[in-house]
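Here you get one chain, nothing else, as structure tokens; it is the form predicted alone.
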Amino acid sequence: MSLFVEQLINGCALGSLYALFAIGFGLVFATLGILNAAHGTYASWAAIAALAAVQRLGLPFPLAVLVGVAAGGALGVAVDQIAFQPLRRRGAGMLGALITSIAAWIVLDNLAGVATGQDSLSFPTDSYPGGMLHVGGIAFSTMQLITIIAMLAATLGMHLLVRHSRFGAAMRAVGWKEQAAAIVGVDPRRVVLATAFLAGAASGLAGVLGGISTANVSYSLGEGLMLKGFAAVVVGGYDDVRGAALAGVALGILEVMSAQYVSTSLRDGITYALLLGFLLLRPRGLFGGTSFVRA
């Protein structure tokens, strides 16, 4: 029984990384109508920035995490303004944005490879809370607890922002129809910048925590999060962060449990087969309703 609970915690922690990434990815898609293939690189660069903050600046763990989150957010804004804003002005549509995001992904991925020397780096073991916690014979790491708490806080905060604030109403208005939102007094540019930053920051947080948990800070860090995060958005419903977060956690649990009790080599196949079955039954996702993606 203790093994099952420990694996459940492992799955929740892994799924929390997928959930954090999915929150940002879904926010961009729902508000800006962009399937951003470069989103995974934000996680990679955030982890690289946080590691540099620890190694070169000697910053403590909380500040290093903030540096990584800020780096992810800043990169999200930079990519949006350089790659996507010109396309929005020309009305290029989703396909043009997708192709551009692939190009941005390749460029940022290659630059991350140069920054890390194509190596898999890791945070010094004394730079983050690395102890183990024991509750009733169940063992789990401090970083797992931090990751789960961070995911819950980010999900709650983003849900309240999007659904229960004036700025969230502005985000939904821009996602539905940018021109109409401008007519009623919303500043679309301010909304776009804030959305890009929040989405990049969520991805950055997933990258930093994932880089620490897996002892892997490399250019490929974000690629693993990208596929699973996208699946979480599709299953959870891209117009509600709660669904994306819940689907991300469920995906992590399925992955860990499949590896433990069925087959390590088949864990991805089993996971995606179950997700496919879920989508056949509920194609709009867990909380999918009326989307506010621009028409």
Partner chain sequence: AGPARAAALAPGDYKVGFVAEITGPIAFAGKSFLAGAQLAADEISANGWMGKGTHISVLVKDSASDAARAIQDIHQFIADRSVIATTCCILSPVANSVKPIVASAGIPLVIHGATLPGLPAPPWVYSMTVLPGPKDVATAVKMAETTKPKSVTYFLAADNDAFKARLGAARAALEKMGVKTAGVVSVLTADTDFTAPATQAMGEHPDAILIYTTQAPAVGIIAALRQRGYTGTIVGNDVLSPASVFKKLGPAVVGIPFPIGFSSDLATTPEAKAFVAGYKAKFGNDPDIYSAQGYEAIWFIAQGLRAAGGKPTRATLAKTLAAQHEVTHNVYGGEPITGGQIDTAGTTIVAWSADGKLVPWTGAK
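What you see is a predicted model; the values in this text were computed from it and never measured. Positions refer to the first chain, counted from 1.
The same protein also has a form predicted in complex with its partner chain, omitted here; what follows describes it.
Annotated contact segment (heavy atom within 4.5 Å of its partner chain in the predicted bound form): 109-117, selected among 197-205, 109-117, 68-76, 146-154. Interface residue remark: residue 193 is not counted as part of the site for its partner chain in the predicted bound form, having no heavy atom within 4.5 Å.
Its partner chain in the predicted bound form comes within 4.5 Å of no heavy atom belonging to residue 136. In the predicted bound form, its partner chain sits within 4.5 Å of a heavy atom of residue 14. With a 4.5 Å cutoff on heavy atoms, residue 214 counts as touching its partner chain in the predicted bound form.
Taking its partner chain as it sits in the predicted bound form, the stretch 70-104 never comes within 4.5 angstroms of it through any non-hydrogen atom.
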